[in-house]
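Taken one at a time, structure 1 and structure 2 that follow are two forms of one protein chain, written as structure tokens.
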Structure 1
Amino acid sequence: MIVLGIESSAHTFGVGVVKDEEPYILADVRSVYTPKSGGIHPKEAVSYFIEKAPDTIVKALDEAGIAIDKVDAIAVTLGPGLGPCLRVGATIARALATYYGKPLIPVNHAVAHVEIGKLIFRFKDPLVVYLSGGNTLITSLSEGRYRIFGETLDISLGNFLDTLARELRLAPPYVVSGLHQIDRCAQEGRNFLDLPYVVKGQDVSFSGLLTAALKLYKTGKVNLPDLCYSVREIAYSAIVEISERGLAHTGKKEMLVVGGVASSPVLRSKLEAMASVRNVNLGIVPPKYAVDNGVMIAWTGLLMFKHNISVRPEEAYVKQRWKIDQVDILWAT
């Protein structure tokens, strides 16, 4: 069985082709839109996607060495993400499915991040720590869905680090040589400053820490590296603590970390230290697949298709706020 998947929820127009047996991944082609300044401009992203889409799809089929009639189904991200961006992928997928008479598979982007991680590490039932730009949450499979065990009560870890870096005039650019500006600035820090550490049950909160850190910074009496160091230690420790709480609560023996924010080497080493003490099998999705891509959509589509899940093209609406815990997970137990 071969499935072609299309991803277009934010910056990346990605097309992946996967198979239900080794080597699984047959093609992985991506066209990434980079804004000239600031954040993502949906209009610009859309015109970029429309321009790149045909070539990206043709290239993926070439890479897989197949013609489109050998594809068993078309999978597409229907959410969550930016509406205008999602609609490009959805429109193309609907057209392909209709024109070539292929089943259309509606894929949730967050579920796909998890499923590709499970494939990479051959995990069966992990606790998932999801750290992307927009999300900070702990989830795992329970009674047929990815239920959320913990999350941020306000802003995501990624958003927190970026905002702080910007306010401290360390960014943009936010990441230099694979290291976030807060991590860089923290390298010279030595003294730990007492700032709010907020863990409520299995949830974290960063807004109080952000406010307190900026207030301290504005007094002008604080050593900047010490501030970065303390804030970083608090924020990462809180994430590791709620992950550990999730493990204790669910009893899972595998821990999967997905999303681009997990690429911080400091956070990785903290997660590794915790996992080794708890004797848990840790898998941190490598950057290549931690960022958005079509392969994860194709793979999730394949799992769904095997359970006869498809959608009629005329009913394949995009859902910008489609949460991970709204999807029935039929292919895992």
Structure 2
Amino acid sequence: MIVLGIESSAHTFGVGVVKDEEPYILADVRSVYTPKSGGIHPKEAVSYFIEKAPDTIVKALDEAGIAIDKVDAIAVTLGPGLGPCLRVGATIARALATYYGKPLIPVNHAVAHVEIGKLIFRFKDPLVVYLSGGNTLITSLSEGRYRIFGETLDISLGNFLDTLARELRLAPPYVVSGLHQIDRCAQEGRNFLDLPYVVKGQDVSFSGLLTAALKLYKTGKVNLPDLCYSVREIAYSAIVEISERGLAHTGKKEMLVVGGVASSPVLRSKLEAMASVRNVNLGIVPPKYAVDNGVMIAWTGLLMFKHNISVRPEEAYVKQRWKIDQVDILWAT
């Protein structure tokens, strides 16, 4: 069985091709939109996707060494994400499925991040720490769905780091050579500053930390590396704390960390230390598959297709706020 997956929820138009036997991944091609300033501009991203989509799909099929008529199904991200961006991928997937007579598989972007991680590490039932630009949550499978045991009360860790870097005039680009600008700035920090640390049960909050950090910066009396160092230590430590509380609550012996923010070497070292103390098998998805990609959509689509999950093209609606705990995980029950 071969599935082609299309991802377009934010800044990446990705196309992946997978099959249900090793080697699972046949193709992985991505076209990444990078804004000239600020965050993602949906209108610009849409124009970029429309321009790059045809070549990206053709390159993926060439890389897989197959023609599209050999594909058994088309999988596509329908949410969560930025509406205009999602609609590009959905429109293309609907057109391909209709024209070539292929089943269309509706994939939840968050579930896909988890499933590609489970494939990479061969995990069966992990506690999942999801850290991306738009999501910060602790989840695990229970009674056929990923249940949320902790999450951000306001902004995600990725959004927090990007916003802070932008306001401190360190970005864009937000990541250079695999290292976020806040991490890079923090390398020269030596003095720990008094800033808010907010953990409430298994939830975390970053808006107060962001406000306090920017207020301190605007006084002009603080060393920038010290500020970045302090912010980084507080934010990452809060993530480690709610992760450990999630492990204590669920009793899981596997912990899977997904999402692009987990590529920080400092955060990884903190999570590794905690997992070692708790004797937990830790898997941190490597950067290549931690960020948005079409492979994770194709793989999740394959799992769904094997359980007869598909949707009529005319009913493949984009759902910007499609939460991970709203999806029935039939293939894991």
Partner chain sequence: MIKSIFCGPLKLIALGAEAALYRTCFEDLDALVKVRLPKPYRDPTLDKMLRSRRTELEGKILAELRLKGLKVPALYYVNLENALLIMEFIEGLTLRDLVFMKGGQVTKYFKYWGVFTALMHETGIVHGDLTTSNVIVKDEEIYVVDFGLAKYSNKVEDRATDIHLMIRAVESTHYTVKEALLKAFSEGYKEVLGEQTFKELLEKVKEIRMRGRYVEERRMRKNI
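The structure displayed is predicted, hence computed values, not measured ones. Just so we're on the same page, residue numbers count up from 1 along structure 1's sequence. Think of the rigid core as the biggest set of C-alphas that the two forms share within 1.5 Å after superposition.
Both panels show the same chain in isolation, but it is structure 2 that comes from the form predicted on its own. Relative to the superposed rigid core, residue 106 undergoes a CA displacement smaller than 2 Å between structure 1 and structure 2.
If you fit the rigid core between structure 1 and structure 2, you'll see the Cα of residue 228 move by 2 angstroms or more.
After superposition on the rigid core, the Cα of residue 246 moves by less than 2 Å between structure 1 and structure 2. On rigid-core superposition between structure 1 and structure 2, the C-alpha of residue 217 is found to move 5.2 angstrom.
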